[in-house]
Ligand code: KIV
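Before any questions on binding or motion, here is one chain by itself as structure tokens, the form predicted alone.
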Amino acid sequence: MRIFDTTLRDGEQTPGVTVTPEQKIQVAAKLDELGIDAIEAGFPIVSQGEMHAIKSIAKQGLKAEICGLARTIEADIDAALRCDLKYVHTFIATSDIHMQYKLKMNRDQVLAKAIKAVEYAKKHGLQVEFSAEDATRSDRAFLLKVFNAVKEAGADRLDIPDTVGYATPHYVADLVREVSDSTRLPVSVHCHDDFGLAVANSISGINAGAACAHVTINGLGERAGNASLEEFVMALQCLYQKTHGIKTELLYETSKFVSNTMGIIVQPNKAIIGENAFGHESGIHTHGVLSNPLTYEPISPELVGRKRWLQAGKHAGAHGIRAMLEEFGIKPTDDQLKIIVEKQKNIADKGKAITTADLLSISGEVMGNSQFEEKFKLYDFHILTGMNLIPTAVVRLNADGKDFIASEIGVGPVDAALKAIQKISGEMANIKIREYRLDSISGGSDALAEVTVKVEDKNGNVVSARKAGEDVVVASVQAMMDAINKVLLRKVLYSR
């Protein structure tokens, strides 16, 4: 099974997303490391920056095939050639609605244009994948006529795009079989998610004989997006026993990298790579998972580069809370545990999410435990920021009895301050910020801000902390310090 990733082309067409040439190169390297077979690096004709990025990616010596998108226009194909590409994905619409209202062309004109473009690309030594845009809403007889004509013109592959996500799995399977039987060429499917069927349609296409699926990381793409690579690959692997070249243990890391680079947050409840995909709060679920993970997890989180995590809250039970505390070496008695569970439920009943720091603080109060003493202490910090200044932070901390000072720049004062703290924490607590959330808990310009941070250590363990205050930067720094101290508490336990 071949995986064609179009994160850098269709994914970048997500409303509000744009990436620099340098970022495109970084994402391409990540996709190649993941094991993608073909990377659609972009649409060369759209800008000089796009051409520069695609040409640079083509020169990286990646294992994946590098492809560029082109309309059935010689200038577009020439732009792909100037990027030193050996593979072009050329397209023209074949549905009556597109031909009449967008192209202003009749069927004969579209057919001629498709043939001419494929012949031109082949004449210049390119591998050609031909897409009939809006194929699933095209007249079947005309669609097959176009596909067979471009085959005779030299096309190497055919692509069936469900451009507006209108098809059903049954329809996609039937269409794939007919196109494959008629042309005898390798067929790809390119499915959009307007009705939430992109992954199901892609799987149906593969099971009907398609050789390849066009997908994107995190399901990025125009409107509702494209078929999600993570969901598609894992469903085919686990539910249909299909083989592929994706290193699944890198899925989560790649997802986070693309999310951060393109500025599109992944919804927490997204399958496979959403933050909550392997999180458990319910007492019934937690008890089951602790006894045997298969009770409430269809796959091991480690298979996709994740770790299971438990969440305190009003649905949590004693088994889950005990397991969370034992991760930090905290072993309350049954009576103490009962009080801890009730106290955290009381907070949750007020509409508050219980962070790791909250739970440990409650436990410290109930148990009178001295091991909660901070190892990492903030003395002071200063921020320099302004309209024409690069935000710069200087922080002074004490760690294990030693004083440290560090400065960092960032995209804003909070970013600079948190980077400076991470710089000092370094070896003591090697962490990544997985989530930063800012909420206003009162109105007006002097509103109280509530900051929640979620950090992850090098072993994939997640710790969360929350602080509130009138100053967003101060609250952010305090929350970060609290989270690091809880990471250090866990590290002390496991280093014994």
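Start at 1 with the first residue shown and count on from there. Owing to the predicted nature of the structure, the values given are computational and were not obtained by experimental measurement.
Here the subject shifts to the form predicted together with the ligand, a form of this protein not shown in this document.
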ask   = For the spot marked by R9, E133 and H190, is every residue within 4.5 Å of the ligand in the model of the complex through some heavy atom?
value = yes
inquiry  = Partner absent here, but in the model of the complex, which of 416 to 424, 88 to 96, 271 to 279, 201 to 209 has residues with a heavy atom within 4.5 Å of the ligand?
reply    = 88 to 96
note = Assert contact residue (the ligand, in the model of the complex, non-hydrogen atom within 4.5 Å, options L69, I431, L31, I57) equals L69
ask   = Which of T163, S228, S138, Q344 has a heavy atom within 4.5 Å of the ligand in the model of the complex?
value = T163
